[in-house]
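First, one chain by itself in structure tokens, the form predicted on its own.
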């Protein structure tokens, strides 16, 4: 359900709340710049920001097919979290204990860095550090939560996380069927559309040029083609996340996995008190396999989302896929199952969009061999904070500057392609069905470990 306003096609609730100015003009003619960035979302704009910080003399052009923030950056759940799309165990297998621990601590620190940068740039995006509660709603979830908590504490990367019993969890957020929860204060929320639009204004004010309505039809070594127009650049950075599969060169690098959201009307005093009067800005989720996520917004709404929409063969991306009736109904049911006191709450908007998912769920900063082309992304839904770290790594790498961060090690890994079709379509949708089956069985008290191992292998989350 896209909303049109003032000539804008607004694909999320967040964007529909903004008083958007006239669109920036498209790229026309020919021009040469030091750095060209494809995609005006968090990855592209943070990269421009850090390039400007490292070398203010650079000429930078950012191009977007629609407008700044049109993609996942203007549609997501607004979590500024320390969570990473791949597990710490996966990272340890590849990078070792020391690098994994350092990287996890950098992920914890970036939650505060986003807040600091937002404040310095004067971006009004309702940044609120109210923490995150992850609920345990059956015995399998309890076991998973305990194992995860133990691993974090053993590595010293818990970030002040603590376990709550059912009563203490109830004091944070009143939901149904809770055995306990984990809580971390090191998590914040934002209005993501306000953040990405503010970031666009900030890099533009520092000298970058942003071209909207500028679909890039060809990415070459040292040039971009936009219709009949050509932009030359010493370095080119592709930051298109869930839309990357539309570029032939990277067709199988990132899978466009759709995630969907709903948002309620502002809660009445009675409704708000019935769910425990939670702190505004609180993030909430649980330990199921089919991810759900929510936040209590600054104006006392519940923005709630989750996976479950089908993957479309050939990694197809289309505006018609940005909403999905069955997933909308499922999200509404899950929200009411979590918070029965909101049975009568009105859902005022439904939207969605594609995430960029790497085959092993590990985001990357990749330079194409022998070229000046770079690709950044693959956050698997955890991009609000992770994109800042990845952008910082990208800026240093493009300029050849030294970077001693653990993120520079983690993100600069060789890419791994997804399987060709129809294996990709069969595998992804089979994984989706298996995910739902696992959650259903666990809710019934069945814990099929052998089935879970198949799921881990199929989805790349082993």
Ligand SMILES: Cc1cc2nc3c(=O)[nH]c(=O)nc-3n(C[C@H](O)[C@H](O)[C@H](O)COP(=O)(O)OP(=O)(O)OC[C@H]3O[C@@H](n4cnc5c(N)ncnc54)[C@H](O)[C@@H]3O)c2cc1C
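Numbering follows the first chain given and starts at 1. Keep in mind that what you see is a predicted model, and the values were worked out from it rather than measured.
FYI, the form predicted in complex with the ligand isn't displayed, but the following is about it.
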Work out which of the listed stretches, 87-95, 243-251, 201-209, 159-167, brings a heavy atom within 4.5 angstroms of the ligand in the model of the complex. 243-251
Does any heavy atom of residue 282 come within 4.5 Å of a heavy atom of the ligand in the model of the complex? no
Taking the ligand as it sits in the model of the complex, is residue 411 in contact with it (heavy atom to heavy atom, 4.5 Å or less)? no
Does the ligand come within 4.5 Å of any heavy atom of residue 65 in the model of the complex? yes
Decide whether residue 276 counts as a contact residue for the ligand in the model of the complex under a heavy atom distance cut-off of 4.5 Å. no
At 4.5 Å by heavy atoms, is each residue in 355, 381 and 384 next to the ligand in the model of the complex? yes
With the ligand left out of view, which of 308, 256, 131, 77 would have a heavy atom within 4.5 Å of it in the model of the complex? 77
In the model of the complex, which of the listed residues (391, 236, 72, 193) lies with a heavy atom within 4.5 Å of the ligand? 72
Residues in 185-221 close to the ligand in the model of the complex, defined by a heavy atom within 4.5 Å, in order: 214, 215, 216
